[in-house]
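Read the single chain below, which is given as structure tokens and is the form predicted on its own.
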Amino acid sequence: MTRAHLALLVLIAVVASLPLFGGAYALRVGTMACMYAIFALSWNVVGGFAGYPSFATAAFFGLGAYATGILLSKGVSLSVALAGTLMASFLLAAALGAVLLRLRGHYFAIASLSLVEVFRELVNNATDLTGGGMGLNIPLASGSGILADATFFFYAMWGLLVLTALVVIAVSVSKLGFGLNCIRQNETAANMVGLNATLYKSIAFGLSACFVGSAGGIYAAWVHYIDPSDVFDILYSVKPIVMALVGGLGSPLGVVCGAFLYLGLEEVVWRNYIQIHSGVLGVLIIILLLFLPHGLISLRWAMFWRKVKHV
């Protein structure tokens, strides 16, 4: 385990102390921060390690939200529903990845984006099961008051973030991570030396979907009501890419820092420029990427280079 991985785990451990210092608002922001970090870490597996620009995050987030919501409405406990959602998301995404990941570059990006609309239409038309456009009401999971409810879901999302970070770190130092790095650099050469690129990419796509699906399940249980326009929002596919670029593509520590910075900017801009917050946030992101094209993680290298030049 590298120092960057240790720093990532320390950073996530610090986030766990948030309920000691803040009220319901801090818990809401903390829950969203953990959810965004899960998005960024999950996207990094297929986008950062393998180099495939996936836009399928919103598709698996929405699917996980509805899968968990339906199971909860049938009387299944939250832990069992989340475990089932995680496994189902992994298997479904791995099967889809075996087909979609035969495409490359822009073609794969468009194909992954189409998954969002396909799943949204399926949910809209399965009215008896999902409520269709009317949405789905989800029963309370904890039922212990507003603050206790917020604390419960904060730690639920934080626990999923810890699990996601541990798996992503394990992938980055494993044979799978090495294989994905080879695929990103030259997939044809990787195939020629005997690497099973299809299997590696399918596993990466499954891992990028399963934690996002479980995050969708926790989100659905947290808000108690979901509808297709909310959980299949295309911004859920765009934001992880921006977070990864802001933090540093391919670095687990960088993408989590990027997720936290993005959420901070989003909150500040929303409070001060409520009418034009999307435009202001977009300009800030562009400026940040212009002056820091390799993300936050490149700051230490810039400082190191200045020291070398000074010597």
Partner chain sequence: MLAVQVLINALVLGCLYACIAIGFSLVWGVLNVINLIHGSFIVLGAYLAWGAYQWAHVSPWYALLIAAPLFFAFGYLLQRLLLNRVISAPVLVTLTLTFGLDLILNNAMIYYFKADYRKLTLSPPTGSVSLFDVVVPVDRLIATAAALALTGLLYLLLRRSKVGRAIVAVRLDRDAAVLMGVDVKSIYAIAFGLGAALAGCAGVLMALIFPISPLTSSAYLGKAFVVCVLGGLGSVSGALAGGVLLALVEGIGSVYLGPAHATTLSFVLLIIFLVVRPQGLVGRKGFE
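Computed from a predicted model, the values in this text were never measured in an experiment. Residue numbers count along the first chain shown, from 1.
Beyond the structure shown, there is the form predicted in complex with its partner chain, which is absent from this document and is the topic of what follows.
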Among 252-260, 62-70, 277-285, 22-30, which stretch has residues whose heavy atoms lie within 4.5 Å of its partner chain in the model of the complex?
277-285
Which residue, L140, L235, L129, L199, has a heavy atom that falls within 4.5 Å of its partner chain in the model of the complex?
L235
Scan G105, G133, G159, G145 and let me know which has any heavy atom within 4.5 Å of its partner chain in the model of the complex.
G105
Check N125 for me: does it contact its partner chain in the model of the complex (non-hydrogen atoms, 4.5 angstroms)?
yes
4.5 Å heavy atom contact, M35 to its partner chain in the model of the complex
no
Hey, in the model of the complex, does V242 get a heavy atom within 4.5 angstroms of its partner chain?
yes
Using heavy atoms and a 4.5 Å limit, would one call L82 a contact residue for its partner chain in the model of the complex?
no
So which bits of 90-114 sit within 4.5 Å of its partner chain in the model of the complex, heavy atoms only?
V99, L100, R102, L103, G105, H106, Y107, A109, I110, A111, L113, S114
